[in-house]
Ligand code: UD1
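What follows is one chain in structure tokens, specifically the form predicted alone.
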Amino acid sequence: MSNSVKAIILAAGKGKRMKSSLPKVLHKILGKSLIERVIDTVLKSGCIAQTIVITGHQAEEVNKRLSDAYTDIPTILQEPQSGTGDAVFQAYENLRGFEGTVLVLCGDTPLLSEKTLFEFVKTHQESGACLSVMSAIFDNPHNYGRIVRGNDDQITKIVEEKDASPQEKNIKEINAGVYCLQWDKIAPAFFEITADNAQKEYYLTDIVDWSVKKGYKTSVFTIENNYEIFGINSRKHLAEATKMLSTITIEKLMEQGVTFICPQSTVVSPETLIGQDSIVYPGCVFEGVNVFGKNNVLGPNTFISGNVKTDDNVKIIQSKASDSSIGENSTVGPFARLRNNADIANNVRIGNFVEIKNSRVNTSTNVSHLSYIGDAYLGANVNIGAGTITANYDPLTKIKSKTCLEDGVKIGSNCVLIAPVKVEKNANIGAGSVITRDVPQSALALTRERQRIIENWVEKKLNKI
């Protein structure tokens, strides 16, 4: 396959049917925006030398998202938005003198696979066609443009549904909206197509009719899995695409030895990997990139929002986690939260209503109940009593400071550790203490007042009333 292939992704549309202030292509599906999923597919196909995105509606917002996510994806503004043909034409100057293949696709088709794109480009180049169109067969082709073939079964044109005759509307082969163009041959078409249609727009589909009339070889590539070209035009479509993408992922994981108790109630991103013999209980949502080890127990009702890595034999029960790592044989939950670089070692217990943020928790340490551990280092074999708080944030200076508990430290219930503070090896903190100074090794620190008992206090109080 030639390396001289460039891609143009169309992302200028407003997406009125989304009923949203957010550009359509920035709506997310399983943790990634639609446009990012399309770009990632193009990049993973391994056959594209450069990708160009055509923006339009709320271009600044789209440009910002792309610049945050990628370093080398140029964007071109289409203003005004005058149809898909005009959108591709915006890249004309960028492609001046280019004689290779241009792949054109839409930014709202997140289910396209890199394998399909690779095979499409490969087939186009091997066929010697000047123009190739991707198609699919649908029993109900409503809302799609139809592939019209002549008596010799060769494509003659693509007709949009709004412009189609009753006979053409009965055609089941539809235009997938993905094209391969021999650019130096097809580029002149963009100077000759017109907006003579119901929408008064320049249709990209008109280049097919132009190519046929020029006598250029014009071919059709019919995809095997027609769900791949499912386009997002509404919230309903977004939900349907999410379910399809998740179902495909779950089925692959089950084939690899993962148990899903109720796949219908579980949502898993395609970037998530789950090790063999793991069990996923109902109500789980896994977004973003995650890598779970073998023999994990996940859920029920667990939300993973990305960048979570676990070793083998980990349990995460009815909890929420992101940007965290969890070591072998550790347990999280129920009702726990790990976030912002929570680093959990082996054989650790993170229990009920515990939040860990930007902290390292070392081997065989327990934080079992009702605690907040933020910006902290917890050594090995540390025990944190219920209700313990690391007070890491000064609201006046807005500075976050570190709490360090060395190996073997024991913290009683309802303690507050005011950072920055260090508790050295094997020291103990008495229950109910507020610790503001460092505690030496093997010492006991207490800050609570000695208990007083006033005899008959209740009876005397009642008598006064």
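Numbering starts at 1 and follows the sequence shown. Since the model is a prediction, treat every value here as computed from it, not as a measurement.
Just so it is clear, the following notes concern the form predicted in complex with the ligand, a form of the same protein that is not shown.
- Only one of 278, 272, 175, 362 comes within 4.5 Å of the ligand in the model of the complex through a heavy atom, and that residue is 175.
- Checked against the ligand in the model of the complex, the residues 372, 221, 144, 292 give one hit for a heavy atom within 4.5 Å, which is 144.
- Residues within 4.5 angstroms of the ligand in the model of the complex, judged by any non-hydrogen atom, belong to 82-90 and to none of the other stretches in 82-90, 389-397, 240-248, 260-268.
- In the model of the complex, the ligand sits within 4.5 Å of a heavy atom of residue 179.
- Among heavy atoms of residue 203, some come within 4.5 Å of the ligand in the model of the complex.
- At the 4.5 Å threshold, heavy atoms of residue 305 stay clear of the ligand in the model of the complex, well away from it.
- Taking the partner from elsewhere, residue 129 is found to have every heavy atom lying beyond 4.5 Å of the ligand in the model of the complex.
- Here the marked residues 309, 333 and 338 all miss the ligand in the model of the complex; none has a heavy atom within 4.5 angstroms.
- In the model of the complex, 106, 107, 108, 109 are the residues of 101-124 with at least one heavy atom within 4.5 Å of the ligand, listed from first to last.
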